[in-house]
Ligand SMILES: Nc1nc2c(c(=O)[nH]1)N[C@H]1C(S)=C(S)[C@@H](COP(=O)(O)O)O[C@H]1N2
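Starting off, we have a lone chain in the form predicted on its own, written out as structure tokens.
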């Protein structure tokens, strides 16, 4: 289970002159802080496209991970992607309904939710479509909210309720096809959790990010957060929780967010479809900087909360070398883990750098060749080679 703890941001430290003057005074190793030190210069990636549009649409915003200057992503830079736009919800009029197979249906105001027992959760996640070369659909934050189990216990979940559907206030027209017939319906965004996950104590109903109310991009006034799960599972603008017995088969549960993989069993390929849920083990290099005669390689680790054993970096296809994992971010089971690697003696010319992460179970981040049998682009956790030019 992902830990829910009170976390103090190091952002204030980064903004202070101490970060540049020498953070050893604070007992924090300098390599652990991702802000550029004095005299460091950014080494551009040569594999990034020119003129990237970081806000390609009103409902989509990418985060330039090369600009990371602290553990937590600034509120105005958080990535966002949305299927049905951003509904305008008045805080005073907001009600969260709990319906279906419960003893006591609820209609909770935002104030009533905030009066319930609160908890903080450090959670960094990505869209399941996040992939190379930009990796901009990911962010990390400290959230505050009510444990989902508290709300469900107040409603009194019936014994035969097996599935919990989370509907957002956002909705749109959809064409639903069935055996040659097409039906146009107005459909809410929805995702579901099985009983065991919903009542596990892990998910929270978040109403604050970084100690402030959620923005519209982040699902104001309340969103579901399922630690260790991809962004699509963390339903924004949460309007209703519906307990039912049968599986939920809405568009964004059963049709759009599926991963198709081929598995070889007894010499024969069998095709398997899986729902997008928990994040796959992943790392990538966010930036490379130069400081005198050495270069600093800085990167991010994402996964479902399984403890990490190590992160390694390879230069130009050479042997894997251990990187340093930031011990502070390692304390937060479901937050970003930051790593750095000191690259010494870089020669002029183009170089290829790549990272891989290994968890305590021995699972290794795969190469793109190793997941070539995955036909859908979602859940791309392959190793991401980055190219830089050293002058």
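The model shown is predicted, which means the values in this text are computed figures rather than measured ones. Numbering follows the first chain given and starts at 1.
Heads up, the form predicted in complex with this ligand isn't pictured, but that's what we're talking about next.
A.B. asks: Which residue, 187, 303, 277, 218, has a heavy atom that falls within 4.5 Å of this ligand in the predicted bound form?
C.D. replies: So the residue touching this ligand in the predicted bound form, by this definition, is 218.
A.B. asks: So which of 228, 231, 147, 250 gets a non-hydrogen atom within 4.5 Å of this ligand in the predicted bound form?
C.D. replies: The residue in contact is 231.
A.B. asks: Is residue 284 near this ligand? Define near as a heavy atom within 4.5 Å, in the predicted bound form.
C.D. replies: Contact with this ligand, no.
A.B. asks: Do residue 127 and this ligand come within 4.5 Å of each other in the predicted bound form, heavy atoms counted?
C.D. replies: Residue 127: contacts this ligand in the predicted bound form.
A.B. asks: Can you work out whether residue 298 and this ligand are in contact in the predicted bound form, taking contact to mean some heavy atom pair no more than 4.5 Å apart?
C.D. replies: Taking the distances in the predicted bound form, the answer for residue 298 is no, it never comes within 4.5 Å of this ligand.
A.B. asks: Whether residue 237 contacts this ligand in the predicted bound form should be assessed with a 4.5 Å heavy atom distance threshold; does it?
C.D. replies: Residue 237 belongs to the contact set for this ligand.
A.B. asks: Just one of 197 to 205, 290 to 298, 81 to 89, 109 to 117 has residues with a heavy atom within 4.5 Å of this ligand in the predicted bound form, so point it out.
C.D. replies: Of the options, only 81 to 89 has residues within 4.5 Å of the partner.
A.B. asks: At 4.5 Å, heavy atom to heavy atom, what parts of 165 to 199 sit next to this ligand in the predicted bound form? List them in sequence order, or say none.
C.D. replies: Contacting residues: 168, 170, 189.
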